[in-house]
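Quick heads-up: it's one chain on its own, the form predicted on its own, in C-alpha coordinates.
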Amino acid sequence: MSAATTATPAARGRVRRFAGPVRRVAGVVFSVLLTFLGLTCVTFVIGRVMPIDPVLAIVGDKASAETYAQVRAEIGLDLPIPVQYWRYLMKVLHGEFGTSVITSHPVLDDLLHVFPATLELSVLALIIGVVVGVPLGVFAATHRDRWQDQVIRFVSLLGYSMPVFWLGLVGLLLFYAKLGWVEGPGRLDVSYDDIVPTITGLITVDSLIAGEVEVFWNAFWHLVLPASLLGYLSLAYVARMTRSFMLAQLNQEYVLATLAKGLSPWRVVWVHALGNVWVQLVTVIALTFGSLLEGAVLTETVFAWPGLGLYMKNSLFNADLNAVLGGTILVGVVYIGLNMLSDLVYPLVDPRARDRW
(Lines give C-alpha, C1' and ligand atoms only; values in the text may rest on other atoms or scores of the structure.)
Protein backbone atom coordinates (compact mmCIF):
# COMPACT_ATOMS: atom_id res chain seq x y z
CA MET A 1 0.00 0.00 0.00
CA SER A 2 2.78 2.41 0.91
CA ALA A 3 4.69 1.49 -2.26
CA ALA A 4 1.66 2.37 -4.41
CA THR A 5 1.26 5.60 -2.49
CA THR A 6 4.86 6.63 -3.07
CA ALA A 7 4.75 5.57 -6.73
CA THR A 8 1.70 7.64 -7.58
CA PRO A 9 3.27 11.11 -7.08
CA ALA A 10 6.32 10.05 -9.13
CA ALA A 11 4.11 8.82 -11.94
CA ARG A 12 2.11 12.01 -11.80
CA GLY A 13 5.31 14.01 -12.01
CA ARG A 14 6.40 12.10 -15.12
CA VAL A 15 3.01 12.69 -16.71
CA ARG A 16 3.23 16.42 -15.97
CA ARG A 17 6.75 16.61 -17.40
CA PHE A 18 5.58 14.81 -20.51
CA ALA A 19 2.34 16.76 -20.87
CA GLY A 20 4.06 20.16 -20.90
CA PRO A 21 6.12 19.61 -24.07
CA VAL A 22 3.17 17.87 -25.74
CA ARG A 23 0.94 20.90 -25.14
CA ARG A 24 3.61 23.23 -26.48
CA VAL A 25 4.17 21.11 -29.60
CA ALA A 26 0.43 20.92 -30.16
CA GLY A 27 0.23 24.70 -29.78
CA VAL A 28 3.00 25.18 -32.35
CA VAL A 29 1.32 22.80 -34.81
CA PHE A 30 -2.03 24.55 -34.37
CA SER A 31 -0.39 27.94 -34.86
CA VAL A 32 1.36 26.76 -38.04
CA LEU A 33 -1.85 25.31 -39.47
CA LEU A 34 -3.78 28.47 -38.65
CA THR A 35 -1.07 30.64 -40.22
CA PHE A 36 -0.99 28.48 -43.33
CA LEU A 37 -4.76 28.67 -43.62
CA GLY A 38 -4.58 32.46 -43.36
CA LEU A 39 -1.80 32.51 -45.96
CA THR A 40 -3.84 30.53 -48.49
CA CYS A 41 -6.87 32.73 -47.81
CA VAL A 42 -4.85 35.89 -48.43
CA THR A 43 -3.34 34.55 -51.65
CA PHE A 44 -6.79 33.47 -52.84
CA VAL A 45 -8.14 36.97 -52.19
CA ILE A 46 -5.15 38.45 -54.03
CA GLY A 47 -6.00 36.29 -57.01
CA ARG A 48 -9.54 37.64 -57.03
CA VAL A 49 -8.80 41.35 -56.54
CA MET A 50 -5.83 41.64 -58.91
CA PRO A 51 -6.78 43.38 -62.17
CA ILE A 52 -5.75 40.31 -64.15
CA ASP A 53 -8.09 37.96 -66.00
CA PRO A 54 -6.50 34.49 -65.85
CA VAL A 55 -8.79 33.31 -68.65
CA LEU A 56 -7.52 35.99 -71.03
CA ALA A 57 -3.95 35.13 -70.04
CA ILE A 58 -4.63 31.58 -71.24
CA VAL A 59 -6.77 32.04 -74.36
CA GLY A 60 -5.67 35.52 -75.46
CA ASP A 61 -7.83 38.55 -76.23
CA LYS A 62 -8.80 37.28 -79.69
CA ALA A 63 -10.53 34.12 -78.51
CA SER A 64 -14.23 33.64 -79.14
CA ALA A 65 -16.84 33.98 -76.41
CA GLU A 66 -17.47 30.21 -76.50
CA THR A 67 -13.78 29.45 -75.96
CA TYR A 68 -13.60 32.01 -73.17
CA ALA A 69 -16.62 30.48 -71.40
CA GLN A 70 -15.29 26.95 -71.83
CA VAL A 71 -11.88 27.77 -70.32
CA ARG A 72 -13.53 29.75 -67.52
CA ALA A 73 -15.58 26.69 -66.63
CA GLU A 74 -12.57 24.36 -66.88
CA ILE A 75 -10.57 26.34 -64.34
CA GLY A 76 -13.58 26.69 -62.04
CA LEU A 77 -14.13 30.44 -62.13
CA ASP A 78 -17.85 29.93 -62.71
CA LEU A 79 -18.25 28.27 -59.29
CA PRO A 80 -19.25 30.07 -56.04
CA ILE A 81 -16.36 31.74 -54.21
CA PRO A 82 -16.37 29.35 -51.18
CA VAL A 83 -16.23 26.35 -53.52
CA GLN A 84 -13.38 27.96 -55.45
CA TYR A 85 -11.43 28.55 -52.25
CA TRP A 86 -11.97 24.98 -51.05
CA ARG A 87 -10.73 23.59 -54.37
CA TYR A 88 -7.79 26.00 -54.27
CA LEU A 89 -6.89 24.92 -50.72
CA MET A 90 -7.04 21.21 -51.59
CA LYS A 91 -4.79 21.73 -54.62
CA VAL A 92 -2.26 23.71 -52.58
CA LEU A 93 -2.17 20.98 -49.92
CA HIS A 94 -1.32 18.50 -52.68
CA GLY A 95 1.38 20.78 -54.10
CA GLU A 96 -0.64 21.75 -57.15
CA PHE A 97 -0.35 25.42 -58.11
CA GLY A 98 -1.57 25.09 -61.67
CA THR A 99 0.38 25.53 -64.90
CA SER A 100 2.50 28.54 -65.78
CA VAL A 101 1.33 30.49 -68.80
CA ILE A 102 4.91 31.52 -69.65
CA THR A 103 6.72 28.19 -69.39
CA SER A 104 3.78 25.76 -69.82
CA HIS A 105 5.27 23.79 -66.93
CA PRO A 106 3.66 23.04 -63.57
CA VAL A 107 4.27 26.02 -61.30
CA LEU A 108 5.69 23.76 -58.59
CA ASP A 109 8.37 22.50 -61.00
CA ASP A 110 9.24 26.09 -61.93
CA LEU A 111 9.50 27.09 -58.27
CA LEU A 112 11.76 24.15 -57.46
CA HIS A 113 13.94 25.17 -60.40
CA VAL A 114 14.31 28.89 -59.60
CA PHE A 115 14.22 28.88 -55.79
CA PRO A 116 17.77 27.48 -55.28
CA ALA A 117 19.21 30.49 -57.13
CA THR A 118 17.43 32.88 -54.75
CA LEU A 119 18.41 30.72 -51.78
CA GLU A 120 22.07 30.80 -52.80
CA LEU A 121 21.98 34.57 -53.17
CA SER A 122 20.12 35.15 -49.90
CA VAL A 123 22.25 32.80 -47.80
CA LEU A 124 25.49 34.54 -48.78
CA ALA A 125 23.86 37.93 -48.22
CA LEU A 126 22.68 36.81 -44.76
CA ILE A 127 26.14 35.55 -43.86
CA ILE A 128 27.60 38.94 -44.80
CA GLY A 129 24.90 40.76 -42.86
CA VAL A 130 25.36 38.72 -39.67
CA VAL A 131 29.15 38.33 -39.69
CA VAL A 132 29.68 42.05 -40.26
CA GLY A 133 26.48 43.53 -38.80
CA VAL A 134 26.60 41.97 -35.32
CA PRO A 135 30.19 43.10 -34.53
CA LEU A 136 29.42 46.56 -35.90
CA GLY A 137 26.36 46.81 -33.68
CA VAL A 138 28.32 45.72 -30.61
CA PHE A 139 31.14 48.14 -31.42
CA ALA A 140 28.67 50.99 -31.88
CA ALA A 141 27.02 50.24 -28.54
CA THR A 142 30.32 50.19 -26.67
CA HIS A 143 31.25 53.55 -28.24
CA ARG A 144 27.90 55.19 -27.82
CA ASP A 145 27.66 58.78 -29.15
CA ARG A 146 31.33 58.81 -30.14
CA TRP A 147 32.55 59.17 -33.70
CA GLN A 148 32.72 55.40 -34.20
CA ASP A 149 29.07 55.11 -33.26
CA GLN A 150 28.13 57.98 -35.54
CA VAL A 151 29.93 56.45 -38.51
CA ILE A 152 28.26 53.05 -38.04
CA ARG A 153 24.84 54.65 -37.65
CA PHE A 154 25.42 56.69 -40.81
CA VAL A 155 26.43 53.58 -42.75
CA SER A 156 23.32 51.79 -41.48
CA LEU A 157 21.14 54.74 -42.45
CA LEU A 158 22.52 54.65 -45.99
CA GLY A 159 21.57 50.99 -46.19
CA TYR A 160 17.99 51.91 -45.35
CA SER A 161 17.83 54.95 -47.61
CA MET A 162 19.40 53.98 -50.94
CA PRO A 163 17.22 52.01 -53.39
CA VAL A 164 18.59 48.57 -54.09
CA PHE A 165 18.11 48.87 -57.85
CA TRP A 166 20.20 52.07 -57.85
CA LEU A 167 22.94 50.36 -55.84
CA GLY A 168 22.86 47.46 -58.27
CA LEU A 169 23.24 49.66 -61.33
CA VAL A 170 26.06 51.67 -59.74
CA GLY A 171 27.77 48.45 -58.63
CA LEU A 172 27.62 46.99 -62.13
CA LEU A 173 28.92 50.21 -63.66
CA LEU A 174 31.81 50.55 -61.21
CA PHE A 175 32.93 47.04 -60.29
CA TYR A 176 32.04 45.23 -63.54
CA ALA A 177 32.17 47.73 -66.41
CA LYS A 178 34.94 50.04 -65.11
CA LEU A 179 37.14 48.00 -62.78
CA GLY A 180 36.40 44.47 -63.99
CA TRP A 181 36.62 43.06 -60.47
CA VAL A 182 33.48 40.92 -60.75
CA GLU A 183 31.49 39.14 -63.42
CA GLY A 184 28.42 40.74 -64.97
CA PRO A 185 24.71 39.92 -64.91
CA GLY A 186 23.50 36.35 -64.85
CA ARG A 187 24.45 33.35 -62.79
CA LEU A 188 27.11 31.92 -65.11
CA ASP A 189 28.85 32.78 -68.35
CA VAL A 190 27.11 31.20 -71.32
CA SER A 191 30.17 29.05 -72.04
CA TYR A 192 29.69 27.25 -68.70
CA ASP A 193 26.01 26.42 -69.12
CA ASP A 194 25.01 22.74 -68.77
CA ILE A 195 28.50 21.65 -67.70
CA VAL A 196 27.58 20.94 -64.08
CA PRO A 197 24.79 18.43 -63.36
CA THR A 198 22.06 19.75 -61.08
CA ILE A 199 22.11 18.07 -57.67
CA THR A 200 21.23 20.71 -55.08
CA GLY A 201 20.39 23.54 -57.47
CA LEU A 202 23.09 25.67 -55.82
CA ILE A 203 25.57 26.19 -58.63
CA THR A 204 28.53 26.84 -56.32
CA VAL A 205 27.86 23.63 -54.39
CA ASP A 206 27.10 21.52 -57.47
CA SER A 207 30.26 22.69 -59.23
CA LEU A 208 32.39 21.67 -56.24
CA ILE A 209 30.64 18.29 -56.07
CA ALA A 210 31.36 17.78 -59.77
CA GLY A 211 34.98 18.92 -59.34
CA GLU A 212 34.52 21.82 -61.75
CA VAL A 213 36.64 24.42 -59.97
CA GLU A 214 36.63 26.80 -62.94
CA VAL A 215 32.83 26.80 -63.00
CA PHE A 216 32.78 27.41 -59.25
CA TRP A 217 34.92 30.55 -59.49
CA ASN A 218 32.91 31.85 -62.42
CA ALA A 219 29.70 31.34 -60.44
CA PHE A 220 31.24 32.89 -57.34
CA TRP A 221 32.30 36.08 -59.12
CA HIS A 222 28.81 36.37 -60.59
CA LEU A 223 27.36 35.91 -57.11
CA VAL A 224 29.59 38.18 -55.05
CA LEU A 225 28.29 41.58 -56.20
CA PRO A 226 24.50 41.02 -55.87
CA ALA A 227 25.06 39.11 -52.62
CA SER A 228 27.22 41.94 -51.24
CA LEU A 229 24.56 44.53 -52.06
CA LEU A 230 21.83 42.48 -50.41
CA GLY A 231 24.23 41.75 -47.56
CA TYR A 232 24.74 45.49 -47.09
CA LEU A 233 20.99 45.98 -46.73
CA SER A 234 20.72 43.18 -44.16
CA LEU A 235 23.87 44.44 -42.43
CA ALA A 236 22.25 47.83 -41.91
CA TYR A 237 19.25 46.28 -40.16
CA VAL A 238 21.21 43.73 -38.12
CA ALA A 239 23.76 46.33 -36.94
CA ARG A 240 21.05 48.76 -35.89
CA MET A 241 19.08 46.14 -33.93
CA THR A 242 22.24 44.71 -32.34
CA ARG A 243 23.24 48.18 -31.16
CA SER A 244 19.80 48.72 -29.62
CA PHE A 245 19.81 45.35 -27.83
CA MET A 246 23.36 45.81 -26.57
CA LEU A 247 22.65 49.29 -25.18
CA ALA A 248 19.82 47.81 -23.12
CA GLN A 249 22.13 45.09 -21.77
CA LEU A 250 25.06 47.39 -21.03
CA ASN A 251 22.80 49.46 -18.76
CA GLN A 252 21.96 46.43 -16.61
CA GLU A 253 23.32 46.12 -13.08
CA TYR A 254 25.05 42.79 -13.74
CA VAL A 255 27.43 44.52 -16.16
CA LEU A 256 28.60 46.94 -13.49
CA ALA A 257 28.84 44.08 -10.98
CA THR A 258 31.00 41.90 -13.23
CA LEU A 259 33.26 44.84 -14.06
CA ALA A 260 33.59 45.64 -10.35
CA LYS A 261 34.69 42.05 -9.71
CA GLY A 262 37.60 42.53 -12.09
CA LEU A 263 36.28 40.72 -15.14
CA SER A 264 37.75 42.08 -18.38
CA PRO A 265 35.53 44.51 -20.31
CA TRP A 266 36.02 42.42 -23.45
CA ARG A 267 34.58 39.32 -21.76
CA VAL A 268 31.71 41.27 -20.22
CA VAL A 269 30.69 42.72 -23.58
CA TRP A 270 31.33 39.87 -26.00
CA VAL A 271 30.43 36.93 -23.76
CA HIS A 272 27.92 38.01 -21.13
CA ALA A 273 26.12 40.98 -22.69
CA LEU A 274 26.12 39.63 -26.25
CA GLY A 275 25.11 36.20 -24.98
CA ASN A 276 22.00 37.70 -23.42
CA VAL A 277 20.82 39.29 -26.68
CA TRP A 278 21.17 36.26 -28.92
CA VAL A 279 17.54 35.24 -28.43
CA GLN A 280 16.42 38.58 -29.81
CA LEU A 281 19.03 38.42 -32.55
CA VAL A 282 17.80 34.99 -33.66
CA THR A 283 14.40 36.52 -34.38
CA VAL A 284 16.00 39.46 -36.19
CA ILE A 285 18.17 37.15 -38.30
CA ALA A 286 15.20 34.94 -39.21
CA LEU A 287 13.11 37.94 -40.27
CA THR A 288 16.08 39.33 -42.20
CA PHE A 289 16.49 36.07 -44.10
CA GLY A 290 12.79 36.04 -44.94
CA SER A 291 12.94 39.62 -46.16
CA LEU A 292 15.97 38.78 -48.33
CA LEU A 293 14.04 36.00 -50.03
CA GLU A 294 11.04 38.25 -50.47
CA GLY A 295 12.90 41.43 -51.41
CA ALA A 296 15.30 39.99 -53.97
CA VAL A 297 12.96 40.92 -56.84
CA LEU A 298 14.68 44.19 -57.75
CA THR A 299 18.18 42.79 -57.22
CA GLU A 300 17.47 39.76 -59.41
CA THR A 301 15.94 42.01 -62.06
CA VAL A 302 18.99 44.30 -62.18
CA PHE A 303 21.45 41.41 -62.26
CA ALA A 304 19.31 39.11 -64.48
CA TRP A 305 19.56 36.55 -61.69
CA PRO A 306 17.35 33.56 -62.59
CA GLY A 307 15.73 33.22 -59.19
CA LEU A 308 12.31 33.44 -57.57
CA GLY A 309 12.17 37.23 -57.67
CA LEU A 310 12.82 37.48 -61.41
CA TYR A 311 10.39 34.62 -62.03
CA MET A 312 7.60 36.35 -60.11
CA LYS A 313 8.30 39.69 -61.80
CA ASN A 314 8.09 38.17 -65.25
CA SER A 315 4.97 36.25 -64.25
CA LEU A 316 3.26 39.38 -62.97
CA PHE A 317 4.07 41.36 -66.11
CA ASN A 318 2.70 38.51 -68.26
CA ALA A 319 -0.49 38.03 -66.20
CA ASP A 320 0.65 34.56 -65.10
CA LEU A 321 -1.49 34.47 -61.97
CA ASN A 322 -0.77 30.84 -61.06
CA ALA A 323 2.97 31.53 -60.93
CA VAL A 324 2.54 34.74 -58.90
CA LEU A 325 0.33 33.07 -56.29
CA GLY A 326 2.56 29.99 -56.15
CA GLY A 327 5.60 32.16 -55.47
CA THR A 328 3.68 34.10 -52.83
CA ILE A 329 2.75 30.90 -51.01
CA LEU A 330 6.34 29.68 -51.20
CA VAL A 331 7.63 32.84 -49.55
CA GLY A 332 4.93 32.58 -46.88
CA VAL A 333 5.83 28.96 -46.15
CA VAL A 334 9.48 29.98 -45.81
CA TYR A 335 8.47 32.62 -43.25
CA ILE A 336 6.51 30.01 -41.29
CA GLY A 337 9.46 27.64 -41.39
CA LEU A 338 11.85 30.34 -40.22
CA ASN A 339 9.63 31.17 -37.25
CA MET A 340 9.52 27.50 -36.28
CA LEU A 341 13.28 27.25 -36.66
CA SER A 342 13.70 30.29 -34.41
CA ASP A 343 11.64 28.60 -31.70
CA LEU A 344 13.88 25.52 -31.94
CA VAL A 345 17.08 27.58 -31.77
CA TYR A 346 16.03 29.59 -28.68
CA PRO A 347 16.93 26.81 -26.18
CA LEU A 348 20.36 26.47 -27.79
CA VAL A 349 21.30 30.12 -27.24
CA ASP A 350 19.44 30.76 -23.98
CA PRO A 351 19.47 28.12 -21.20
CA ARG A 352 16.45 29.79 -19.59
CA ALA A 353 14.36 28.82 -22.61
CA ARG A 354 15.14 25.14 -22.03
CA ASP A 355 13.12 25.15 -18.84
CA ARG A 356 9.99 26.01 -20.84
CA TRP A 357 10.47 22.83 -22.85
Partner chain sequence: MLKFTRRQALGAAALSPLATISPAALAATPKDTLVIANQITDIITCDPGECYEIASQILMSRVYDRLVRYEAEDMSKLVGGVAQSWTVSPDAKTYTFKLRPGLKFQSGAPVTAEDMAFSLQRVVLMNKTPAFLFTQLGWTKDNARTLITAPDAGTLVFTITEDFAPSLVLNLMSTLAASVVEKKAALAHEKDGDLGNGWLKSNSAASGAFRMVSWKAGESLTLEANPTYRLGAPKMKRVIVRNVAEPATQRLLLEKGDVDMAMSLQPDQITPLMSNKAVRVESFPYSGTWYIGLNCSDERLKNPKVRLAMKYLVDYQGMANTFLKGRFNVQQTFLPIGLMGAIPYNPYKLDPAKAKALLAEAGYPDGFEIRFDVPNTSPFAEIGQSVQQTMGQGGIKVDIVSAELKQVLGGYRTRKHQMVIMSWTPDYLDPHSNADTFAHNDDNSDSPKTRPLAWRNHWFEPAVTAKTKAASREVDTAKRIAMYEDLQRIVTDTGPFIILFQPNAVVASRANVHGYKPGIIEDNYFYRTITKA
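Numbering follows the first chain given and starts at 1. Superpose the two forms; the largest set of C-alphas matching within 1.5 Å is the rigid core. Quick caveat: nothing in here was measured; it's all calculated off a predicted structure.
One more form of this protein, predicted together with its partner chain, exists but is not displayed; see below.
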property: Location of its partner chain contact in the predicted complex, chosen stretch of 118-126, 83-91, 265-273, 191-199 [non-hydrogen atom, 4.5 Å]; result: 191-199
property: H113 within 4.5 Å of its partner chain in the predicted complex, heavy atoms; result: yes
property: Distance check, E74 to its partner chain in the predicted complex, heavy atom within 4.5 Å; result: yes
property: Close approach of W181 to its partner chain in the predicted complex, 4.5 Å, heavy atom; result: yes
property: Partner proximity in the predicted complex: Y176 to its partner chain, non-hydrogen atom cutoff 4.5 Å; result: yes
property: Of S228, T204, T142, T103, the one that lies within 4.5 Å of its partner chain in the predicted complex (heavy atoms); result: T103
property: Stretch 306-327 - residues with a heavy atom within 4.5 Å of its partner chain in the predicted complex; result: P306, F317, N318
property: Cα displacement of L316 between this form and the one not shown reaching 2 Å, rigid core superposed; result: no
property: Core-superposed comparison between this form and the one not shown, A63 Cα displacement 2 Å or beyond; result: yes
property: Residue shift check between this form and the one not shown, rigid core fit, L263 Cα at least 2 Å; result: no
